[in-house]
Structure formats: structure tokens, C-alpha cells
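Below you'll find only one chain, the form predicted on its own, shown as C-alpha cells.
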């Protein structure tokens, strides 16, 4: 289905987002990293985690609630393992921490073949796929998971939300093989809460069995949705549980207390985990018919998509196609409803509203 988009120049978008973050007290480097992240989300059509979501989350649970500390410094915790880093983020802006953690994991992978960075006392980093996508473009296999800001998901067979939406994100350096990085990125709920907010904003219904109302009954009305359900029943539940257990090993505390700030001796912050693998560290060198590693990856993907499966899509393909659409349009693409959201951001930080009529239009 074709959509009518407003084309917003990226520099104009980034300037407003930077100013919005700086208005809330964030330092210049943090604001720039936040704007970079928001632009990448918009470029790839990740409308559930663009600037509107990022700033809304910061208002509810971040600088607006004392859950995120502008200008906080990352503290490295001593570790006896050369290929591992452990950080205390001290509630620094999640996007800043995530970009730096992925860079650190890449440096470790260059030296040791594999690098991991575990982050305690974090603030949500939003779209995990953006970080692994960036690493995959640079030639690495990358993975990240995190615990969400809130416990919004009901365990399989339960009735009370005690899990986060807890995303998993994998990125693979497959540009040579298929033209874009394969990125497997998903929340462990049927939909993310950002999707509920998007559908509420745009007057759309949720898919069946994605959310429950205040009485625990399934609902498709985003205005009545108060909690989410795991995708794939027990399978999504198990994947969400992984994040909670990983966070427990790192230093995370009780999921039902996250982002509910109180002086009660508990911790109220999410945790992040990053892992980067250098492809050479995995190679046996024994590829059939003398293929190189890259050629072997291409051959495997072509076999999967052969045999009548030629119309199947690869994870990350939709995002790659949206990025091509963004490039063709010559700017970031937003709906009219989203532009109204940016008007509110401009009002908050005392900046002029965008002139909607000055933006080019893109149909597609």
C-alpha cells in the first residue's frame, strides 16, 4: 500500500533532535549521538523507535523522571578477561552507551576474534537492530540484547506482566552476498509497545492476541492495551527470559521494579549485552569446491532462497528497501501525524516549528 510522505532534510531533522536533547540537559556529544540514532531509525523505516519514541521514552523514564543522567560518565569495572569489558553506565543516555559499547566490542574482536561488553545501570537504547546493522556494514557479526525499561509482557500461561519486551538483535556482514546486511531483530512480544503507541496515534487496530486490557483479556484496541503477550507463546517467553537471566548475571535487579524509581535498596535500570565476532575467527577454511568464506555465505543463502523460495524475504530486507526509498526521496520520510509530533518537540525546546508546506512529498 502506497503512503504519502513528507520529505524532511536529514540535517534539519538532526538539528531539532539535538536541540531537544540539549534542552533537556544532555551534553553536545550525547545529543549528537541521539540525533544520529534517530536519523538511522527513520532512514530504515523504524517508525516505532524514531525521534518521537526516543524523546517520549526519555520524558517518561529518562531525564524527565531521573532515570537517565545527562552527562553521566561510563565507569569500567575491572575484569580478568582480556576479551570482555564490563561497564557501569551510571544511567547515561542509552544510545550513547550503545554506540560506544559496540565500538569497544569491535576493537576486542579485532584483537581476540570475539569481544563482549556487558553494561549495568543503563537506560534503554531503543532499536537494537541499528547497532548490529552498523557493525555488520563494517564487516562483523554482531549481537545485542537488553532488558526493557518496563515489565510490560505477560509470561506464557500467566496474567501479570513481569517481563520486558526484551529484544534480540543479530547482524551479519552479507552486503557482498545479498546487497545488504541480514539483520534479525525482534522484540519478544508480538508487538513492541512503540507499535501500540504508533497505532494509537494513527487510529489503527492491533493484531489479534498481541495485547491485553486491564482485565487481562485480549484486545485489538490500542487505547485499551495495558500489557503485551509474548510472540510464539512459550517460545517468545523463553527468548524474553534469556534477557532477564543475562541481565541478572550482569547486575540487573527485579524486572517489575525497572524504571520505577525509589530508594528501596533495589536497582531500577536495564542492562545491555553486546557481542561481536570477527568472521575470520569462525572460519575453518574448508569450504566446499574451493569457495571463499564470503562465497560460501552467498551459496548458502542462494540455496535457502532457491527451490521455489525465490520470493521469500530475508530479515533486514524491508529495512534495506526503505533505506533505498529514503535515498531516492532525498530526505527522511515522515507522515503528517509524525510531523505534528515534531511540532510538539519544537514547542518544548523553543524552536520554530517546521514549515510543513515547504517539504517535498514522496509517494510510495
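Positions refer to the first chain, counted from 1. Computed from a predicted model, the values in this text were never measured in an experiment. We call the rigid core the largest set of C-alpha positions that still match within 1.5 Å between the two forms.
Quick note: we don't show the form predicted together with another copy of the chain, though the next part is all about it.
Asks: Only one of 277, 212, 104, 206 has a non-hydrogen atom within 4.5 angstroms of another copy of the chain in the model of the complex; which is it?
Replies: Contact with another copy of the chain in the model of the complex is made by 277 alone.
Asks: Of 72, 227, 250, 150, which residue is found within 4.5 angstroms of another copy of the chain in the model of the complex when only non-hydrogen atoms are counted?
Replies: Checking each option against another copy of the chain in the model of the complex, the one that comes within 4.5 Å is 250.
Asks: Check 157, 282 and 301: does every one of them have a heavy atom within 4.5 Å of another copy of the chain in the model of the complex?
Replies: Verified in the model of the complex; spot residues all in contact, yes.
Asks: Can you work out whether residue 170 and another copy of the chain are in contact in the model of the complex, taking contact to mean some heavy atom pair no more than 4.5 Å apart?
Replies: Yes, residue 170 is a contact residue.
Asks: Decide whether residue 32 counts as a contact residue for another copy of the chain in the model of the complex under a heavy atom distance cut-off of 4.5 Å.
Replies: Taking the distances in the model of the complex, the answer for residue 32 is no, it never comes within 4.5 Å of another copy of the chain.
Asks: Would residue 329 count as a contact of another copy of the chain in the model of the complex, using a 4.5 angstroms cut-off between non-hydrogen atoms?
Replies: Outside the cut-off, so no.
Asks: Taking heavy atoms only, is residue 57 within 4.5 angstroms of another copy of the chain in the model of the complex?
Replies: Outside the cut-off, so no.
Asks: Please determine, with the chain shown alone, which of 333 to 341, 33 to 41, 59 to 67, 313 to 321 has non-hydrogen atoms within 4.5 Å of another copy of the chain in the model of the complex.
Replies: Result for this chain: 313 to 321.
Asks: Any residue of 258 to 295 with a heavy atom within 4.5 Å of another copy of the chain in the model of the complex counts; write them all down in order.
Replies: Heavy-atom contacts to another copy of the chain in the model of the complex: 264, 265, 266, 267, 273, 275, 277, 278, 279, 280, 281, 282, 283, 284, 285, 286, 287, 288, 289, 291, 293.
Asks: Can a Cα shift of no less than 2 Å be assigned to residue 153 between the shown form and the other one, given superposition on the rigid core?
Replies: The answer is yes; the displacement is at least 2 Å.
Asks: For residue 100, state whether the C-alpha moves by 2 Å or more between the shown form and the other one after rigid core superposition.
Replies: Superposed on the core, residue 100 moves its C-alpha less than 2 Å between the shown form and the other one.
Asks: Inspect the rigid-core superposition and answer whether the C-alpha of residue 215 shifts by 2 angstroms or more between the shown form and the other one.
Replies: Yes, its C-alpha moves 2 Å or more.
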